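Single chain ahead, written as structure tokens, the form predicted on its own.
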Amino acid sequence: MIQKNARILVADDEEIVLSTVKTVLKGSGYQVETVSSGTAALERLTSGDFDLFLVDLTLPDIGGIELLATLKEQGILTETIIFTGRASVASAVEAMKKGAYDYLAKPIEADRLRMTILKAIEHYHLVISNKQLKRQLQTLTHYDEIIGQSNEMLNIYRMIEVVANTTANVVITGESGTGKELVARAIHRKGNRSEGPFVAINCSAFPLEILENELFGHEQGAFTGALKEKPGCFELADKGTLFLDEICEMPIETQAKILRALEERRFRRLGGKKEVEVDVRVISASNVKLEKAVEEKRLREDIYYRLSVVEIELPPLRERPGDINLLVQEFLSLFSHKNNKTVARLAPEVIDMLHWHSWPGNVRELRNAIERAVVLCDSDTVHIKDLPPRVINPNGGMIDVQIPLGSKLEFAEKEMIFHTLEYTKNNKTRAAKTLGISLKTLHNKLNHYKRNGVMPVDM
């Protein structure tokens, strides 16, 4: 589809080439300007916005590849196509390495020129759109119901934006408590099925017979106690989204029936004779990698390929510590309001402890910890006594260090440092605070141990 407002600059020192290219492109509906030197081209590109730059490889003053490098250095956004009457593999390779969209040999066929330009302009607008989206997302602290502003979460937001309006099935992986259902709901709400239903089912919550009944429903009289017909999740999610949580826990027998429903968009209720047609987008989730589940024969290979067209992997909370303060403030406000309290802040040592904790339960564990702290807090400030014991002393707070009698002080110090790092899971900031030394001092001592060949390989 032609971008009607697309602006193209053509630079060549042959008037016949400029005239021919301009006629072809204007006839296709583009706005075209021409210049006969590299200097003039650079001046126009600096002062105006162009979607596409067509430039000869060898101009009298500044060549095409040199111009391309200058545009990249100055951050001038335009897609560039280089053409020449003296084409060579070496110059083509160099042009593509410098960032050219394509490389065309003269004389250029009109149809090929039109097709290449169409694709180049589409690519340009996609790049611009992605850059604008990135700028918009970088200011966010909340995205739908998801909280986070770390680079890891911004990447997740971008993935959601990309897949939301597609028909692709999506699988979301990540540890328990990372927010897989929140991501699924965000994909649904941001997409073109947002007016349809969002139906979620936990595949690990039901035995085989009940799970199939929940998924596909049943007809009246299908089994003892089936007094009336019941639609299943596939029917309830028609024109919307079906979220299959813990997909790897689904029995193999049910996976085969799910695969048929996905491929044919139809199925039979339990005890039914006629097929029910549905239009459902499936988003699935698992706390284990689907490839591993396939290897372990817990997931059929064919359903794996059907479900995981796009995979979104959520990072654990310990890998995005920059979001902890943001999450804490959100939960503090939420639970203070719910419990009619005025808890507004955390004591400094509490903040440190929250950053030290490894959060095996991820965001869900942090949420529960803050809720407990708010409930138990007797002032406007959360103190360590208000936190759950598992956060205060995740390993019981004991470090067993064996130091033989008569050991030198340097040996004892080294053992204390190494054991403390092991206890803090190599968190050097926490280790330094536990040892009562500065982070710089700890780094200096570790560098000393490294130089002397006594540093453990995993530190």
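Position 1 is the first residue in the sequence shown; the rest follow in order. None of the values given here were measured: they were computed from a predicted structure.
One more form of this protein should be noted, the form predicted together with a small molecule, which is absent from this view; the next part is about it.
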{"item": "Candidate spot Thr20, Glu109 and Arg112, all three touching the small molecule in the model of the complex (heavy atom, 4.5 Å)", "value": "no"}
{"item": "Contact flag, Phe267 vs the small molecule in the model of the complex, heavy atom cut 4.5 Å", "value": "no"}
{"item": "Partner contact for Lys119 in the model of the complex: the small molecule, 4.5 angstroms, heavy atom", "value": "no"}
{"item": "Partner proximity in the model of the complex: Glu371 to the small molecule, non-hydrogen atom cutoff 4.5 Å", "value": "no"}
{"item": "Exercise: Arg364 in contact with the small molecule in the model of the complex, heavy atom 4.5 Å", "value": "yes"}
{"item": "Answer range among 342-350, 304-312, 141-149, 233-241 for contact with the small molecule, defined in the model of the complex as heavy atoms within 4.5 Å", "value": "141-149"}
{"item": "Among the candidates Thr78, Asn287, Asn169, Asn213, the residue which, in the model of the complex, approaches the small molecule to within 4.5 Å (heavy atoms)", "value": "Asn287"}
{"item": "In the model of the complex, the one of Phe206, Phe198, Phe331, Tyr124 near the small molecule [non-hydrogen atom within 4.5 angstroms]", "value": "Phe331"}
